[in-house]
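A lone chain, given as structure tokens: the form predicted alone.
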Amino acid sequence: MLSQYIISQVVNGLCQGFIYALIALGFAVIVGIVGLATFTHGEIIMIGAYASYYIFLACGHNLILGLLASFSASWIVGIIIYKLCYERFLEAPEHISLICTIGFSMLLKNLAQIVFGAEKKPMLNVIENQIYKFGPVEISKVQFVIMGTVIVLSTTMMIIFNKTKWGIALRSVSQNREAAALVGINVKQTSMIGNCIGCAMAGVAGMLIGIYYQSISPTMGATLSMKAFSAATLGGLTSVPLSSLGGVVLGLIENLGISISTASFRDVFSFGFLIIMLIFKPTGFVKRKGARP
């Protein structure tokens, strides 16, 4: 019975970790390509969740439409964030754009409370409650869909980064902006695309979080953005695969931790692990500083 409970917590941890991985992937892309940190990631998660919520209300529980809505809404907001918070300050001290993202984060959060209301909204029965059994392992259809979606999106991102002309341009800008400009790459446009990709991944993660916990709220992104930052920190901030690994590890640590305590200690285990990890290995999972997507 105890082993069954542990297996269940591992599955829950993997599902939650996959969502963290998608959020961290987006964060790593933004930091790696734009070269500047962001404090708007939590609000992007929230916008993606609300975009899918209203699509589900209008069109039924169509996951593809919900995914496209969250992706598109977050992409558009990513353009706005880049134009207002990054583009004018690429050559300025980094704290200028950082302060701008803090202000924009507060603006989005308060606007969401005015437009959508401060109360939680239910996102119920988007995916039917069905259990699949694989020997001693039980996976719900919700978990199966969430993990499958994250795997498909992450694989697609890796193919784009490594096999396409856009991906080569994005990697070039992330490694050396000046050299990329010298070979004819439009650095500002490429940086904006990188920011939009990172935001879109966070938006889709917002939809998945809403489906998994069956509710959304204007403040839902606050803790999630810190989890994304923590996971990306474990991955060296700019490494997409290692940041994703950091998200999966945090999800597992949280759920295994609460299996021996209570759910109220969830954040204690994840952030405690981050602190301990950085004390003994400040570069996280990377062998050296400066790893890129």
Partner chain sequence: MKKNFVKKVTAVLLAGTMVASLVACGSTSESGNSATETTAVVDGTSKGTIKLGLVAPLTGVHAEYGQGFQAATKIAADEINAAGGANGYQLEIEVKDSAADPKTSADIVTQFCEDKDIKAIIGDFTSSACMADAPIVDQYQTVLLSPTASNPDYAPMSEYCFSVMYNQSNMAPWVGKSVIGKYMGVKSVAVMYLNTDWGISTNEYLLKGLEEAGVEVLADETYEENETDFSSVIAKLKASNAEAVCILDQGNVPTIINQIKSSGWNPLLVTQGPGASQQLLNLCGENAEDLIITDSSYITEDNPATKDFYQKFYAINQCAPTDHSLCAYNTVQMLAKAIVSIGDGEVTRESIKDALKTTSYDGMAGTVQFDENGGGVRQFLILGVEDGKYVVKEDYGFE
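If you're wondering where the values come from, they're calculated on a predicted model, not measured in any experiment. Numbering follows the first chain given and starts at 1. We call the rigid core whatever largest set of C-alpha positions still superposes within 1.5 Å between the two forms.
A second form of this protein, the form predicted together with its partner chain, is not displayed here; the remarks below concern that form.
Novice: Have a look at 239 to 247, 252 to 260, 40 to 48, 54 to 62 and name the one stretch with heavy atoms inside 4.5 Å of its partner chain in the predicted complex.
Specialist: Residues of 252 to 260 come within 4.5 Å of the partner.
Novice: Taking its partner chain as it sits in the predicted complex, is Ile159 in contact with it (heavy atom to heavy atom, 4.5 Å or less)?
Specialist: Heavy-atom contact with its partner chain at 4.5 Å: absent for Ile159.
Novice: At 4.5 Å between heavy atoms, is Val137 in contact with its partner chain in the predicted complex?
Specialist: The answer is no: Val137 has no heavy atom within 4.5 Å of its partner chain.
Novice: With heavy atoms only and a cut-off of 4.5 Å, decide whether Ser154 touches its partner chain in the predicted complex.
Specialist: Because no heavy atom of Ser154 falls inside 4.5 Å of its partner chain in the predicted complex, the answer is no.
Novice: Report yes if any heavy atom of Tyr212 sits within 4.5 Å of a heavy atom of its partner chain in the predicted complex; otherwise report no.
Specialist: The answer is yes: Tyr212 has a heavy atom within 4.5 Å of its partner chain.
Novice: Note that its partner chain is not shown here; using its position in the predicted complex, name the residues of 262 to 276 with a heavy atom within 4.5 Å of it, in sequence order.
Specialist: Heavy-atom contacts within 4.5 Å come from Thr262, Ala263, Ser264, Arg266, Asp267.
Novice: Inspect the rigid-core superposition and answer whether the C-alpha of Ala58 shifts by 2 angstroms or more between the shown form and the other one.
Specialist: No; Ala58 is a residue whose C-alpha shifts by less than 2 Å between the shown form and the other one when the cores are overlaid.
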